[in-house]
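Below, in structure tokens: the form predicted on its own, a single chain.
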Amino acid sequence: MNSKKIPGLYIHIPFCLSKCPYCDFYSSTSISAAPDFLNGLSKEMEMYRHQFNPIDTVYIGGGTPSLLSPEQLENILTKVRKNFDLIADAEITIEANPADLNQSFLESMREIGINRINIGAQSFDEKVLGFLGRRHSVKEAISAVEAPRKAGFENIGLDLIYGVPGQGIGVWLNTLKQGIAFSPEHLSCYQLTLEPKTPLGRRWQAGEFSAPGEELQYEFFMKTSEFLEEAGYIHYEVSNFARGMEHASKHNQKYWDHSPFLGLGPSAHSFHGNQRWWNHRSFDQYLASINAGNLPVQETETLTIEQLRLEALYLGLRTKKGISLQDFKKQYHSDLLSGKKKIFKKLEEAGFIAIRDGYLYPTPTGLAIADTLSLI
């Protein structure tokens, strides 16, 4: 591991008012357990005290972090600062549901030090929102995107979903047009994934609706990239776009370059060196472990140098920056170009990758098939 990489901190807030039928992230609809969770979270932080320092990003995700009160969120950040060496200009992000946002809440977020907000709008089309089971309307989504700017936020991100059955390219492009009308600094555009254990996944398996085929998925991806790049956004990772790299998510980039990160809360994942571990995907088990004086870790795995190398290849080919051939060789003891010249040449001629200035990186077409590219 590159010792110069600064760690990040992820905090999973495991509460939602209602569960979206496509979501596979861990959450509970019993928000009454929030005080017990916050107490457990505080103890978990203390168990990691003086580790993972310094940190330069905090990402409060979920679940629905915006369900917590400003006082509860302030308490979390106070404990973070007490237990970790948080640098002065750290990026501190909170995920928010449009239905939860109002001026008072947003101003409180700014006051306690949150400087980046990620809004789960998902769509600006009522039919799409209805299919996705979202609890906000288009009107609330629009209001939620406008409000943070008035509250002083200078780093606003939008999450949007495409590839929804019945959505169509035209409907999706209209959502993108509405999205960029607010000039957000960041856009995350995800293709709908139908996880088998979710309600929507079960409906799809039962044949209630059909999902877009590969050709339409590819069209969605390429139209998204072309539209947003023409609008001035950098397509810096498969699903992510920024209005200048200074607005790229510092926290999420840690996941793509093997930087260390610590995950707190039920189901949260962590990574350091060649170790990866994850917490219990159960609120009760999480609390029981902590109250017994133990870390709430469900499982740990030690990665071999070969596994780290393959991961670095997979993750690097998901980013516009790509892979530094020199750094890759130094870190993973492998010359990427050696023995694969013919494969790389074919991929380059086909327009999937480029090799320039010591970097191997995917073209926009290559980003569309990034998972396949990594199998080289």
Partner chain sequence: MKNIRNFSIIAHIDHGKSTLADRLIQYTGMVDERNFKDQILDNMDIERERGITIKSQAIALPYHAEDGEEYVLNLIDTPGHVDFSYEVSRSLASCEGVLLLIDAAQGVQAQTIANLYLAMENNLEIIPVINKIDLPTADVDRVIEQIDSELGLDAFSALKCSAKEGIGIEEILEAIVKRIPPPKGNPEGPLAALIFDAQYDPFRGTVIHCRVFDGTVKPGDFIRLMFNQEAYKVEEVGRFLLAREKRDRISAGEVGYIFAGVKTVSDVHIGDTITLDERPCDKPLPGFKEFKPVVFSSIYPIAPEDYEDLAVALEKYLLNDAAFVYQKDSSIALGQGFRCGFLGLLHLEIVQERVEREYDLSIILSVPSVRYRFTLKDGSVMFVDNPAHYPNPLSIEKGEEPYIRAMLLFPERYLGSVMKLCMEKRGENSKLGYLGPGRIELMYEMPLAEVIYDFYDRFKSITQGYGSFDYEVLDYRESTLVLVDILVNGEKVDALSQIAHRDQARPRALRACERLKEEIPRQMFKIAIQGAIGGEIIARTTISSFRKDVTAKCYGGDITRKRKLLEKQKKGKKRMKTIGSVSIPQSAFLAVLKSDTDN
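Bear in mind the structure is a predicted one, so any value in this text is a computation, not a measurement. Residue numbers count along the first chain shown, from 1.
Same protein, other form: the form predicted in complex with the partner chain, not shown, and the subject of what follows.
- Taking the partner from the other structure, the partner chain in the predicted complex has no heavy atom within 4.5 Å of any heavy atom of W204.
- Using a 4.5 Å cutoff between non-hydrogen atoms, Q103 does not count as a contact of the partner chain in the predicted complex.
- A residue is said to contact a partner when one of its heavy atoms sits within 4.5 Å of a partner heavy atom; C20 fails this definition for the partner chain in the predicted complex, lying far away.
- Heavy atoms of D284 never reach within 4.5 Å of the partner chain in the predicted complex, leaving it off the interface.
- Note on the partner interface in the predicted complex: the residue among F153, F131, F227, Y255 having a heavy atom within 4.5 angstroms of the partner chain is Y255.
- Between the options Y233, F84, F261, F124, the residue in contact with the partner chain in the predicted complex by a heavy atom within 4.5 angstroms is F261.
- Stretch 22-30 is the answer when you ask which of 49-57, 66-74, 22-30, 329-337 has residues with heavy atoms within 4.5 Å of the partner chain in the predicted complex.
- Contacts of stretch 294-320 with the partner chain in the predicted complex, defined by any heavy atom lying within 4.5 Å, are made by E301, L303, Q307, L310, E311, Y314, L315, R318, listed in sequence order.
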